[in-house]
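Next comes just one chain, in structure tokens: the form predicted on its own.
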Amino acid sequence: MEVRISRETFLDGVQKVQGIVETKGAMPILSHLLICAEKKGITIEATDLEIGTRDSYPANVIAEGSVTLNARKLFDIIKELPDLEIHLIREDNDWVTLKCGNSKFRLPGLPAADFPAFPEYSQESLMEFSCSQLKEMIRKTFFSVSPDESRQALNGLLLENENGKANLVATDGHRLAFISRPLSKSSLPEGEKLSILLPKKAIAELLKLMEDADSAFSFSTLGNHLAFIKGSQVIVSRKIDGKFPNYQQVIPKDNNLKIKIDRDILSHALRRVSLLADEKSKMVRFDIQKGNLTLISDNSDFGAAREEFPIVYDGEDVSIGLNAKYVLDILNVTEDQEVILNLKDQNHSCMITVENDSDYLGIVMPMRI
């Protein structure tokens, strides 16, 4: 194998797979990436056996072939090279010589035949998203995914395809985020519904491929694998086994107390007051009265904080304890200047919405005051 490739192109390809390779796994081959040289260019593959990615890059291929190289070491080397053409030559026993300008490296590879086969996936698109749309949907829900690896069903995002719309839902049991957007294309018959659990690692890798907002991703499934495809770029992942909670039951239908608040004012005030909130619970008390909101935190170790400001509200008095971080996570992804806190009482969840987007909401469970 012998290849000449621009340093910028090669760096881009090697950098994109760094989040997938297993650096400390039991199988050394999983810390490597597979480089295959064919007539039109090279493909770069990486896998951790749960998720795999492959993409093609233009290159001058002098001799076809394939080799595996340590992904981290290769990335560290290319990152420091001058912006000149890289010359890659595979030698005997899977050793590789890499030349660039006045620099020359000899790197040990592993046999390409030992690299795990790329999972089979379907090219038949079930739905299609624009990159900008999918990025927005992930950004507005991803923070609610559970970090608890033992709760597998909550360890990813629920993707639904129904009536030409895609829904994305995440919850960790204490909060929930939901967004729905119309699909560019859907091959699902009318009346049918598709529900699939997407692993958070696959979603994190997907975000790295969304540089071009105008391009589109298609989504497909085959057996227990799902695939996101954009041109030559493919991410294939195992589906999450398990049953996602019935999130529709969690969305409150009778939170009739609606408090309109300027998002920036609430965000800054909540950040200040939460500085003295309990380290573990992050609880801040919201005392709401006509035309007025008071935020209160009280910590026996650090002290107490209180902030009061005017709001648009003419309903009955209500107090509720909420995790400040959870509320801020929702406010941080909301573009609208005004948000609405939808409440019932101190024992029911707070639903945060905006006036101009009925297809996005965040829910935070109450805490004992």
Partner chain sequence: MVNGGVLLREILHVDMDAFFVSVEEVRDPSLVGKPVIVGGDPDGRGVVAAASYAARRYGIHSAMPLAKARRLCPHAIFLRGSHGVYGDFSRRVFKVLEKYSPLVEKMSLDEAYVDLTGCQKLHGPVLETAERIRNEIKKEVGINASIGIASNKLLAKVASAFVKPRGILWIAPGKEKKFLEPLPVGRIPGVGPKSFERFKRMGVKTVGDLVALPKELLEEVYGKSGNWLYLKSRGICTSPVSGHEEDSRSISRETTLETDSQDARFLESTLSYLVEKAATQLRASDLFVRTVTLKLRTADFKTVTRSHTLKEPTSEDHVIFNIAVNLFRKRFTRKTPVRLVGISLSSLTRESSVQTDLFEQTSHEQRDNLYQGIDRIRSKYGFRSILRGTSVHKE
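None of these values were measured; they are calculated from a predicted model. Positions refer to the first chain, counted from 1.
Just so it is clear, the following notes concern the form predicted together with the partner chain, a form of the same protein that is not shown.
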query: Interface stretch in the predicted complex with the partner chain - options 134-142, 167-175, 79-87, 196-204, non-hydrogen atom within 4.5 Å; finding: 167-175
query: Non-hydrogen atom within 4.5 Å of the partner chain in the predicted complex for each of Y247, D298 and I363; finding: yes
query: Proximity to the partner chain in the predicted complex, single hit among K253, R106, K290, K280 (heavy atom within 4.5 Å); finding: K280
query: Sole residue of N342, N323, S31, T334 within 4.5 Å of the partner chain in the predicted complex, by heavy atom; finding: N323
query: Proximity of M367 to the partner chain in the predicted complex, heavy atoms at 4.5 Å; finding: yes
query: is_contact(K230, the partner chain) in the predicted complex, heavy atom dist at most 4.5 Å; finding: no
query: 4.5 Å heavy atom contact, R285 and the partner chain in the predicted complex; finding: yes
